[in-house]
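Just the one chain here, the form predicted on its own, laid out as structure tokens.
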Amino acid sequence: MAELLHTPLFGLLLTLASYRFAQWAYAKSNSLALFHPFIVAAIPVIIVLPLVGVPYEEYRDQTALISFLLGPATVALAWPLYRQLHTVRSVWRPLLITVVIGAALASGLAVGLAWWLGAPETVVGSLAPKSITTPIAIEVARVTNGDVSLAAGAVAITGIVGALAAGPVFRLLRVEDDRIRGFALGLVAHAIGTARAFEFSEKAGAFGGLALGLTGLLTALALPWIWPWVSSLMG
């Protein structure tokens, strides 16, 4: 049994079982945002790893296959987007304007606030890609001299907060258009927000996937070019 703990099978089984438990808890809570599977699934892992003496670095290696599959899973979002292509074509101009302004604000506000509060450049560089999906954010954080682990944490927190806040914010602002709901979630809260958008409808999920891709692409292209100028301003 002890030998099983140090094989990829343990990490995969623990992850899948935790996610299945999280799905069950989410359904029992009537889809309450606080019980979103992304949040709840982490709890069994956090509890079990110290109990069985498996360090996080080993668990990360054990689940490398799941991390690898994140890429194809992201690409699969193209299918619902294809099914909504006729709708996207009718609003492509406002979508492009929104993604340019939204991506700039999502990154700029985090960088500006961290710099204003006196955070070190490593922290500021880690927060810059907080609103894009993790695989892209990690590469961007290396360009902005950020810490990869901190950047991944910032991405996760941004997604969780976005998913939790989406319902109350949409109700407060009376946003009932699934195109707007999905695009806002994908732009601000990346993959987690897109998963939340699919709970509204397939159309919302498709627009979330579109915003996720466009925001990641724009941020990955613009930040390496802009960052030397931002870094010089921070001194």
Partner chain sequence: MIDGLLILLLFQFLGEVLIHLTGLPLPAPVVGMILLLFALMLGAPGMDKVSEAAGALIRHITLLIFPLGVGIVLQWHRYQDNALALAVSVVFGTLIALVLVTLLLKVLLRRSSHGGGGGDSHHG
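Bear in mind the structure is a predicted one, so any value in this text is a computation, not a measurement. Positions refer to the first chain, counted from 1.
One more form of this protein exists, namely the form predicted in complex with the partner chain; it is left out here, but the text below deals with it.
Distance check, residue 50 to the partner chain in the predicted bound form, heavy atom within 4.5 Å: Yes, residue 50 is a contact residue.
4.5 Å heavy atom contact, residue 149 to the partner chain in the predicted bound form: Result yes; residue 149 sits at the interface with the partner chain in the predicted bound form.
Partner proximity in the predicted bound form: residue 136 to the partner chain, non-hydrogen atom cutoff 4.5 Å: Result yes; residue 136 sits at the interface with the partner chain in the predicted bound form.
4.5 Å heavy atom contact, residue 28 to the partner chain in the predicted bound form: No - in the predicted bound form, heavy atoms of residue 28 and the partner chain never come within 4.5 Å of each other.
Contacts with the partner chain in the predicted bound form - residues in 16 to 36 whose heavy atoms fall within 4.5 Å: Contacts from 16 to 36: 16, 18, 19, 23, 36.
Direction of C-alpha distance change in the predicted bound form, residue 121 to residue 57 (at least 3 Å): Note: Cα gap between residue 57 and residue 121 shrinks in the predicted bound form.
Cα separation of residue 75 and residue 140 in the predicted bound form versus here, shift of 3 Å or more: Closer: residue 75 and residue 140 approach by 3 Å or more in the predicted bound form.
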